[in-house]
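As a starting point, one isolated chain is supplied in structure tokens, in the form predicted alone.
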């Protein structure tokens, strides 16, 4: 069950807008102090709101160190620090949004944005089946273990041992979903109803004001101070 905290109760459409704003701001920043404030704020929210797997955290740290080393070798240390912080600022909103937004809230947010129905349905199915694809990949890897093949440590086996079976499973799931929608008479152009429409609450105002204050502080450090 998803952990209930302040961010999980925020309007999902507002969180999407804030995340997109952060991405654009991160691309414009060149001052270490400004981008550090943004990264520290995002990192604090991630550590508080997201249950982080230590193995994944270690992989990310190693990848970041390799990225900094290559960037320092190609350019200089100052630019490598800014590039690493900018990369952090771009990547951190994704786990923050994904871990604090349920699939149903995400669909309601997309519907509230008045996007075409076929886009809403496509995004909903992709979001719904990402965990299923992950489970299928794990089953395929375990099946290869039974055959004495460790696909993870043998890149030459990735295509035939992992990707091809996974593609066939995805195609099979797509056929099942198509048949299910057709037998239920699904019409993508029909009007939709929503039992829990999005509403603006006091917490949304607090979140919006806080996000705006952080962006203003970052902008002041970047362009004024």
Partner chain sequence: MKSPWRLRDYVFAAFMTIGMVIAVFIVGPFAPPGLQLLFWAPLGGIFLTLGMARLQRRGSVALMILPLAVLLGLISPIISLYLAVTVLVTELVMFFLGNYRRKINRLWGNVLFFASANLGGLLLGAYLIKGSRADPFVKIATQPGVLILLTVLAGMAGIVGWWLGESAVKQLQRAGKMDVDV
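What we label the rigid core is the largest C-alpha set whose atoms superpose within 1.5 Å from one form to the other. Just so you know, these numbers come straight off a predicted model, no measurement behind them. Positions refer to the first chain, counted from 1.
If you look for the form predicted in complex with the partner chain, you will not find it shown, but the lines that follow are about it.
Using a 4.5 Å cutoff between non-hydrogen atoms, residue 196 does not count as a contact of the partner chain in the predicted bound form.
Interface residue remark: residue 88 is not counted as part of the site for the partner chain in the predicted bound form, having no heavy atom within 4.5 Å. Interface residue remark: residue 118 is counted as part of the site for the partner chain in the predicted bound form, having a heavy atom within 4.5 Å.
When the partner chain is considered in the predicted bound form, residue 178 lines it closely, a heavy atom lying within 4.5 Å. Annotated contact segment (heavy atom within 4.5 Å of the partner chain in the predicted bound form): 165-173, selected among 34-42, 196-204, 52-60, 165-173. Contact with the partner chain in the predicted bound form, defined as a heavy atom within 4.5 Å, holds for exactly one of 109, 123, 140, 149, namely 123. Between the partner chain and the residues 190, 27, 47, 70, the one pair within 4.5 Å by heavy atoms in the predicted bound form involves 27. Candidate site formed by 20, 23 and 75: every one of these residues places a non-hydrogen atom within 4.5 angstroms of the partner chain in the predicted bound form. Residues of 35-72 include none with a non-hydrogen atom no more than 4.5 angstroms from the partner chain in the predicted bound form. Remark: with the core as the superposition reference, the CA shift of residue 68 between the shown form and the other one stays below 2 Å. For residue 178, the Cα coordinates differ by 2 angstroms or more between the shown form and the other one after the core has been superposed.
Superposed on the core, the two forms differ at residue 164: its CA moves 2 Å or more between the shown form and the other one.
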